[in-house]
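Shown below, as structure tokens, is a lone chain in the form predicted on its own; questions about how it binds or moves come after it.
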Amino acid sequence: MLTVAIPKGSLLKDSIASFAAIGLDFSAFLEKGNRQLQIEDPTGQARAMLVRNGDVPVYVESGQAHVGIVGYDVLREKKPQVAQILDLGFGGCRLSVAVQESSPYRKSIDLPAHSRVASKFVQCARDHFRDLDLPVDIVPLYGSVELGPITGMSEAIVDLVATGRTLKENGLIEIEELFYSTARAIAHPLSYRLNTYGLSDSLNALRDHLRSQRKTT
């Protein structure tokens, strides 16, 4: 049976809609009071597991799931050995460098050498400043990263930004965008190549659906 990894949180509804477009119904995950972490499509074609966004590539890479949906930011940070098949276009946000509004820095390169940069995207932040040939100290934070500059723990942060409202409310501003992130469909490479349980056929159907949607918008 085809096994699908679906991310919890902000990507959940659109992920379920994407699979619904190709005839796979995992809407039970949206039912109030449902605490199931794994369900089957009513037709018996596939099962889905509900996991953290950051864990989706782990399940796919290990072969416990044949296909999954995950944010591009996770793929850039973790660099899993998976096949990146489709840009689904939803869940858009950007990974950006931000500082306090009162800060004199307006570009990443303006930061002094060995500044402290707080982020849960440790590898992405490290890669960014390495490309600039600017040595910084990355401070791993996995909660409210915005507190880094506010408390003086860091001069800057690298974090996901959607509307920018949280930054603004905490007196922070973006000074540089590293990349734009959207939801991606990923697959286990061998399963995709062998069309295991019709995996390649399903993803081709999803690709056709996305094309038709884009033609009508």
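Quick caveat, the model's predicted, so the values are computed rather than measured. In case it trips you up, residue 1 is the first one in the sequence shown, and so on.
A second form of this protein, the form predicted in complex with a further copy of the same chain, is not displayed here; the remarks below concern that form.
- For the candidate spot formed by Pro7, Leu12 and Ser115, no residue has a non-hydrogen atom within 4.5 angstroms of a further copy of the same chain in the predicted complex.
- Contact with a further copy of the same chain in the predicted complex, judged by any heavy atom within 4.5 Å, is made by just one of Glu31, Glu40, Glu177, Glu169: Glu169.
- Judged by heavy atoms within 4.5 Å of a further copy of the same chain in the predicted complex, the contact stretch among the candidates 93-101, 67-75, 140-148, 106-114 is 140-148.
- With a 4.5 Å cutoff on heavy atoms, Phe26 does not count as touching a further copy of the same chain in the predicted complex; it lies far away.
- Using a 4.5 Å cutoff between non-hydrogen atoms, Ala162 does not count as a contact of a further copy of the same chain in the predicted complex.
- When contacts are judged by a 4.5 Å heavy atom cut-off, Pro189 does not count as touching a further copy of the same chain in the predicted complex.
- None of the heavy atoms of Ile173 is located within 4.5 Å of a further copy of the same chain in the predicted complex.
- For the partner-free chain shown, Arg35, Leu37, Gln38, Met49, Leu50, Val51, Arg52, Asp55, Val58, Tyr59, Ser62, Gln64 of 26-64 come within 4.5 angstroms of a further copy of the same chain in the predicted complex, judged by any non-hydrogen atom.
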